[in-house]
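In structure tokens, the next block holds one chain alone, the form predicted on its own.
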């Protein structure tokens, strides 16, 4: 009995309730005509699409910079890599990994500047990060119209300048990870082996990094900056490294998302990417001061699972297409819950 109570206390009732809700949706699915195998595929795919973005929350949390509401900065770096890859006509695996290579310099540069800014506003990082995220997206809304791209796949046909809002990856690197070693059972179940392996690789890289001397110093800075400073650790340097790392993961994460989604979404697209990632890691058990890979995995599964299953089950139960309305309500509800829970913990 004591071990069960300890397990419940460790997991936390909110996550247990959300997990039970997700399980009940899977159990109710056959009764309302929803295929469990297709729903399971959708949940796994959505986990793979969003997992690296959620991992990008961890470095900044671990060094005391708080939740990365400035994730759109990394996403913008990823979008620059994606559009340059298309501009150069790169396809297949070379196109995807070429996009990552092209995005990394932008991510490092933007992360470095972002880190310098956060070091000057200690204590108000999350507020400034939100401003940085929103303002960078607005700035890029202008730049997407002005940057000198020429690929007919991307530019507006009637003007010859400015990029389209949505760019198809059909002829470039769509599903390059999803289809790699994919396991298909029947007509409705597909396990995206390549995307899950890529997530595992990114998670391993982060785990290995936090077991290095620099990673340990970053964790020490987040736990007790005064002690870390007295031990000879440069607090500002560790914080800057964490911001760069988070920005890099944001850039790579959006590329993973795009290859599965099949499109590059510019202009206001990055606006809607940070809050779900923040909510997912909080639902997974992280706080504004501590996060780990397990939090990212659990949170992404729960968040994306609920987001996938709820509209399908409700639509089939009431025989009406309210999927987008239900998706918005469920998504925003979980985001609000996660953020209010975070506020209570920080107090």
Partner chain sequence: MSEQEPLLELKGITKEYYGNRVLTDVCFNLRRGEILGLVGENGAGKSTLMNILFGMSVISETGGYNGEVCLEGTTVNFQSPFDALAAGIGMVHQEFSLIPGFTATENILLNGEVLHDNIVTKVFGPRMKTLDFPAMRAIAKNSIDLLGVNISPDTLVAEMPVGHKQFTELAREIHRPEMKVLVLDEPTAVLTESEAQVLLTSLRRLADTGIGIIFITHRLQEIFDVCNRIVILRDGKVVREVATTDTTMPQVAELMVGRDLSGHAAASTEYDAATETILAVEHLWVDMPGETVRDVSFDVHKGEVFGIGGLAGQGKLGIPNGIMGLYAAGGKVRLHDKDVPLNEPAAPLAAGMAFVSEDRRGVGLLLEEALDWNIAFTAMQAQNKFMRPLLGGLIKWRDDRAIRDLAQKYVKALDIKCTDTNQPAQELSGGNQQKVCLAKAFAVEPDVLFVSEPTRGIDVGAKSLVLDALRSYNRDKGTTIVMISSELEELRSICDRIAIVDEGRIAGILPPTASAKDFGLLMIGRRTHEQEAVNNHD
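Numbering follows the first chain given and starts at 1. Bear in mind that the values here come from a model prediction, so they are computed numbers and not experimental data.
Only in words, not in the display: the form predicted together with the partner chain, which the text now covers.
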| item | value |
| --- | --- |
| Segment assignment from 106-114, 79-87, 231-239, 252-260: heavy atom within 4.5 Å of the partner chain in the predicted complex | 231-239 |
| The single option of 150, 211, 171, 184 touching the partner chain in the predicted complex, heavy atom within 4.5 Å | 211 |
| Option touching the partner chain, based on a heavy atom within 4.5 Å in the predicted complex, out of 91, 265, 193, 216 | 216 |
| Non-hydrogen atom within 4.5 Å of the partner chain in the predicted complex for each of 207, 220 and 226 | yes |
| Partner contact for residue 35 in the predicted complex: the partner chain, 4.5 angstroms, heavy atom | no |
| Contact label in the predicted complex: residue 46 to the partner chain, heavy atom within 4.5 Å | no |
| Heavy atom within 4.5 Å of the partner chain in the predicted complex - qualifying residues of 287-303 | 290 |
